[in-house]
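As a starting point, one isolated chain is supplied in structure tokens, in the form predicted on its own.
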Amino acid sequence: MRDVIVIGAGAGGSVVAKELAGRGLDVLVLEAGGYADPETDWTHYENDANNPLTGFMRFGPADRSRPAWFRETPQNSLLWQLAGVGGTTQHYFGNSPRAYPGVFAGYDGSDAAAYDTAHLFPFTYADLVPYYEWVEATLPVHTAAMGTKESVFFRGCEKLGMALQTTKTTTADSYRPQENAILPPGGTAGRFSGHDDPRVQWPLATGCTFCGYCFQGCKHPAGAPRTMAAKRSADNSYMPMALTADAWSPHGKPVSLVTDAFVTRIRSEQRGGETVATGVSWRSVTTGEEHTEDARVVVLSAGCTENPRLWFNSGLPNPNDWVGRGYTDHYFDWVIGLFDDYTGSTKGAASAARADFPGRGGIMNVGLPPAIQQFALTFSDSGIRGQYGNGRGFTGPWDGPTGRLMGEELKEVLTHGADRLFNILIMTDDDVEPHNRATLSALPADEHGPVAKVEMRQRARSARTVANREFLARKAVEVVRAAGARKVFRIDWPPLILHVHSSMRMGLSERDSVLDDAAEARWVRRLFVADNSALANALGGPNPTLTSQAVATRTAEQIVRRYFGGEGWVRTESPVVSTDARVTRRFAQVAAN
């Protein structure tokens, strides 16, 4: 029998596995996808990377000759989740802002009423700060390296007279460099371009090389040890630490990792009138062989869509009907400016500047490679600009109605090149709403059981959410115009289900939450959840990965306290950084075997 089985090796699962392995527990991690080698498996070709059906960054088997796994999405949307070690952090931007204090219990600031007050975290912001600091030191998180596109963003903010934020905790409207989990450029990095140029290869170059392909997984500097890759996605940071725990922790025991292992059932039994998790059943994606494993504790970290699916397929109790509900994304949108001058949009880390508006959300600059840039311009809930009578096509301080560009207008914009464009992404503090949910589809099951259905009622958002998005879109237009854009477009995106939270939410009340304040399931003992689905709400709008990892660290401590007779360590010990030489040396040995 294992001490702990972790289902999923993404942002949250890898954190829990690393922390528990560091305390000497016997941990098994089961990951449905593979563990890619970026040097041999990844390219900079955008369709090869990002095609949701055939790309190497998809939700599907590691063997790309086999079809992607299916989910039902009845609305106009795109559910963008990755399989494999590292999960969706393989293509995240590394942005690591903290949540706004107003989304936690006990907050009494002047803006306390501006948040989703019905769905607060069941602990205070001060309670989580030591866990933020632990994760920030482990990854590590730095102030972002910046380039031309960031200077454009700052120029707009300064001309509007906005305040500059200099702390990690956001309490007022302000702008700042991003805090991101990307190693700063060192040596010759950022001074030259080209994957084959020795000056951008390890060890002449270290950290971010400014190649601009963050969205396709970071494999830079070329030739660097996996643990020294610039972007600290979970496959480069937490999972290598989990696999080498005996090298960096005096108590450590390396985790066992099995890839291509799709968990089909959480096993449970009745003890003293309670349902208790006892292990899992899983299926080899490659051979179809079925296995079972027993454990004292099970940790569910398969994401906001697959966690509810596995819960329902396991027949676990759902007395308040909240499993899968509150499936909360960020109500994204784009404001895109066309400039006469070079903006450097395709160069450097994808986003290194942001502005925050507590109680409403945030905006951030985003540089995109050409094909993803085209996607951002043409994915719209309004339809083609001015051509559809669907009740949208909003007008405002931007040029023309919202909607996708096409024809001569699109040709004119792209003729200038992506480096004459400037993008701002809107991230809204949207509400937890029960009608947005993941459940089981009535369509035919796949080899792993009934598949998930995700319902996102884009046009039934709360009045607060809609008002927040409109406020942020107008702020973004002000920034872009102040920075010097000669034409500004607003796209009106449908749900891009990427920043998604809360489908297994922790909460203050048993009426509308699945997890208690330790992230243990209320109705299944010894079953914990550790990923974005455990978050109580949409954080006020900031990117969710850092908060998810901080909460997962807290959850690891709660597991040790409740079931293994130990104490917490975050407030009494110092973290080991994931770039520690002991991790690099031992991980090279692990990879070689």
Partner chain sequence: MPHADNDVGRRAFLARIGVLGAAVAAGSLLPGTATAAPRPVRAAGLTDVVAALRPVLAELARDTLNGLVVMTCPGPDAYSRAQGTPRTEPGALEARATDFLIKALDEYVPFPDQLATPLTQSLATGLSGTPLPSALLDLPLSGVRTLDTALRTLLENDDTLPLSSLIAMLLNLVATEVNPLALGGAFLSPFARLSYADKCRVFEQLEGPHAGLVALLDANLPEPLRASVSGVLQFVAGAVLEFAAYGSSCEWAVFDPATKTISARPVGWQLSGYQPHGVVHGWDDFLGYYQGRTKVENV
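Owing to the predicted nature of the structure, the values given are computational and were not obtained by experimental measurement. Positions refer to the first chain, counted from 1.
Same protein, other form: the form predicted in complex with the partner chain, not shown, and the subject of what follows.
Exactly one listed residue, out of Gln81, Asn313, Ser174, Thr346, brings a non-hydrogen atom to within 4.5 Å of the partner chain in the model of the complex: Thr346.
Note on the partner interface in the model of the complex: the residue among Met146, Leu257, Leu338, Ala247 having a heavy atom within 4.5 angstroms of the partner chain is Met146. Under a 4.5 angstroms non-hydrogen atom cutoff, the partner chain in the model of the complex has Phe375 among its neighbouring residues.
Heavy atoms of Arg360 never reach within 4.5 Å of the partner chain in the model of the complex, leaving it off the interface. Under a 4.5 angstroms non-hydrogen atom cutoff, the partner chain in the model of the complex has Gly190 among its neighbouring residues.
Proximity of Ala68 to the partner chain in the model of the complex falls within the 4.5 Å heavy atom cutoff. Shown here without its partner, the chain carries Thr124, Met239 and Asp512, none of which come within 4.5 Å of the partner chain in the model of the complex through any heavy atom. Of the candidate stretches 148-156, 83-91, 322-330, 473-481, only 148-156 contains residues with a heavy atom within 4.5 Å of the partner chain in the model of the complex. Residues Lys411, Glu412, Leu414, Thr415, Gly417, Ala418 are the ones in 411-441 with at least one heavy atom within 4.5 Å of the partner chain in the model of the complex, listed in sequence order.
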